[in-house]
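What follows is a single chain, given as structure tokens, in the form predicted alone.
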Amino acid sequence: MLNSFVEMKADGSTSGGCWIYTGVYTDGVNQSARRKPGSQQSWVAPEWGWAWPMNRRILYNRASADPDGKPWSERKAYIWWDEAAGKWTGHDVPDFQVTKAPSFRPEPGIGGPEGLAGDDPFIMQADGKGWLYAPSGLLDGPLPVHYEPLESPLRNAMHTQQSNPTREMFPRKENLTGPSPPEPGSDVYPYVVTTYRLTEHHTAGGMSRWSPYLAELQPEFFCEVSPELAAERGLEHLGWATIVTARTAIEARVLVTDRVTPLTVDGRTIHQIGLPYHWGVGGGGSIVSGDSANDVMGVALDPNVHIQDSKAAACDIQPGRRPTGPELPRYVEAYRRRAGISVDTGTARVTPEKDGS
């Protein structure tokens, strides 16, 4: 077993399944299983479990020291340069070349890790600096900015552009988008639906649906709503509800909790609905089954790494079970007609000004 990813060699004499986990079995011991009490170790608790990479608890921790390698604050000292020992030391594993002095300056033209100076703490960046913005490589930016999701019942409160103009879209009849302000019809889907994972529902649920222990903990697909939304829509705790978007409608058991707090935005009360992601039909031999939150979400991607941009959307919710058979598409189509949805809805990249320009 390799003790660190720095022991990996390019000549093929070593192998690793995932470099960041290299060292989790240092000295043949499962480091992640360690449970030394906090009273018996430092406040960083390096012997409680294991953190990737190299059991390092804070990434880029060279930045906890000033350019000369001294702690910015003695009270918050974390990593520092030990001049006598000629190396970085501290309470954590240094996220820096251990013997590279703060005064080190590379020769001009050298690239890679050897081209970083001793006061360049952000080692995964080409120049070792912390970036307030991305000067290259992004299709949006360069500064971070807030956009509303592709579907939203709210106007963007930050500026006139509603959603990311560089988003990747796939407009077709199987992937329709509901209107968002300032488009007309957005009031047909007045609520926010968002997704989250469940500890007991591992990854896509393939294991969970066949495991009696996990199925007992999460026996049915559910929607989490606030008491206020339950009262507004006549939803009963543990009863059934239908959630509908521009794509389709699904049914879920109602879970009324005070965790999903209504939001007040621009003087309006905005209700949220939480759905566990990756539920779905279990298939032969499964213990649990149900509708899938994935079905009501559209497909739109961020332009840089193609992560789904649509795990939050606009929806409506009604008490009772959804229609089945031919009645289901008719039910969904009635919402689409009221909202005026077509394949072109939501595809404008630049939000029109109030005067329509």
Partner chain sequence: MWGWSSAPDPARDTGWINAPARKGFFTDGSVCIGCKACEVACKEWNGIPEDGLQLLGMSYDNTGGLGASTWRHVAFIEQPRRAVGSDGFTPLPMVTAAPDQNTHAGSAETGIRWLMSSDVCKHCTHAACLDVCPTGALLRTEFGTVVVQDDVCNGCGYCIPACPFGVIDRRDGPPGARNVGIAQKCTLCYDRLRDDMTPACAQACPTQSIQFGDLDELRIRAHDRVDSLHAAGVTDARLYLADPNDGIGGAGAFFLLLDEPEVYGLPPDPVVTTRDLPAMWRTAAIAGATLVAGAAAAFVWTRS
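Every value quoted in this text rests on a predicted model; they were computed, and no experiment measured them. Residue numbers count along the first chain shown, from 1.
Note that the form predicted in complex with its partner chain isn't included here; everything after this is about it.
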- Does each of Phe222, Glu228 and Asp258 have at least one heavy atom within 4.5 Å of its partner chain in the predicted complex? yes
- Task: Using heavy atoms only and a 4.5 Å cut-off, determine which of Thr195, Asn175, Gln218, Gln97 is in contact with its partner chain in the predicted complex.
- Result: Gln218
- Single option in Pro184, Pro135, Pro212, Gly86 placed near its partner chain in the predicted complex, where near means a heavy atom within 4.5 Å: Pro212
- Message: Only one of 308 to 316, 54 to 62, 285 to 293, 322 to 330 has heavy atoms within 4.5 Å of its partner chain in the predicted complex; I'd like to know which.
- Response: 285 to 293
- Query: Would Asp140 show up as a contact with its partner chain in the predicted complex if we use heavy atoms at 4.5 Å?
  - Reply: no
- Message: Is Arg253 part of the interface with its partner chain in the predicted complex - any heavy atom within 4.5 Å?
- Response: yes
- Report yes if any heavy atom of Glu232 sits within 4.5 Å of a heavy atom of its partner chain in the predicted complex; otherwise report no. no
- Message: Please tell me whether any heavy atom belonging to Lys129 falls inside 4.5 Å of a heavy atom of its partner chain, as the geometry stands in the predicted complex.
- Response: no
- Can you tell me which residues in 33 to 50 come within 4.5 angstroms of its partner chain in the predicted complex, by heavy atoms? Arg35, Trp48
